[in-house]
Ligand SMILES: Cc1cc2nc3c(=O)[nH]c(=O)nc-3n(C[C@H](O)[C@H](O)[C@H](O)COP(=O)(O)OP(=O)(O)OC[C@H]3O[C@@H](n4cnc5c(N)ncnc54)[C@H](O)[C@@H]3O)c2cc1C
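Coming up is one lone chain in structure tokens, specifically the form predicted on its own.
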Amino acid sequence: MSSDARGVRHRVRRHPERGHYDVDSIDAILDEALVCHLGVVIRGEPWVLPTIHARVGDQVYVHGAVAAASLKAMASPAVCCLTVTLVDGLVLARSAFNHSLNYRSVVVRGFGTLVSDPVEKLMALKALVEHVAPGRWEDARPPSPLELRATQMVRLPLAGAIAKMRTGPVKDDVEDLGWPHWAGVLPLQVTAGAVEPDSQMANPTAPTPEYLANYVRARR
């Protein structure tokens, strides 16, 4: 475990060699992932919901409408769980049993806190926009006071967050190496397509911003 870990409360038990507890690994995965899944209990039933997140230092923020039950549950006294997963490749073994994925994931468990300070809320909203498209915040209208009041923001500390990764080639059993089937890894990555300008832009000839024309969600 790296000395700069935030404090490990849990450890990876299945394939413990894939567990990573250092801050750099955890932050890099959170910063690259576009979507997280938030696990909460709502009225006695478990829910896992996709949403957008943004990391700021040792905290991760999620947002939604003020009436969002998931965020209210996240900010309740109950423990919640936030996870992200990045798929880097399909691992195609000779045997069906040994097929796998190359991936990087993070699990964050803890108690969420509702953000009431408008300055912190605005900072977190900026972080969310910049997380999706760095450079976009300065290229958009800022939230109005009414929009800020209509937005609920919750932060979750990264203390005890853990990462789990699988990298590398196929791991077949020795007795399967003689099978004639193709085996190997098919790398995967997120790539941006051609931009689609909105038909109602005030300036239809406005050039595509550089941060979109050269958008890359590369491994960090």
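A quick note: this is a predicted structure, and the numbers were derived from the prediction, not measured. So that there is no doubt, residue numbering starts at 1 and follows the sequence shown.
The next section is about a form of this same protein that is not shown, the form predicted together with the named molecule.
- Annotated contacts: Leu49, Ile52 and Ala69 all touch the named molecule in the predicted complex [non-hydrogen atom within 4.5 angstroms].
- From the list 84 to 92, 69 to 77, 134 to 142, 100 to 108, the contact stretch for the named molecule in the predicted complex under a 4.5 Å heavy atom rule is 69 to 77.
- None of Val195, Val35, Leu186, Val41 but one reaches within 4.5 angstroms of the named molecule in the predicted complex through a heavy atom, and that residue is Val35.
- Taking non-hydrogen atoms only, Gly160 never approaches the named molecule to within 4.5 angstroms in the predicted complex.
- A residue is said to contact a partner when one of its heavy atoms sits within 4.5 Å of a partner heavy atom; Arg155 fails this definition for the named molecule in the predicted complex, lying far away.
- Contact check for Leu177: no non-hydrogen atom falls within 4.5 Å of the named molecule in the predicted complex.
- In the predicted complex, the named molecule sits within 4.5 Å of a heavy atom belonging to Ala65.
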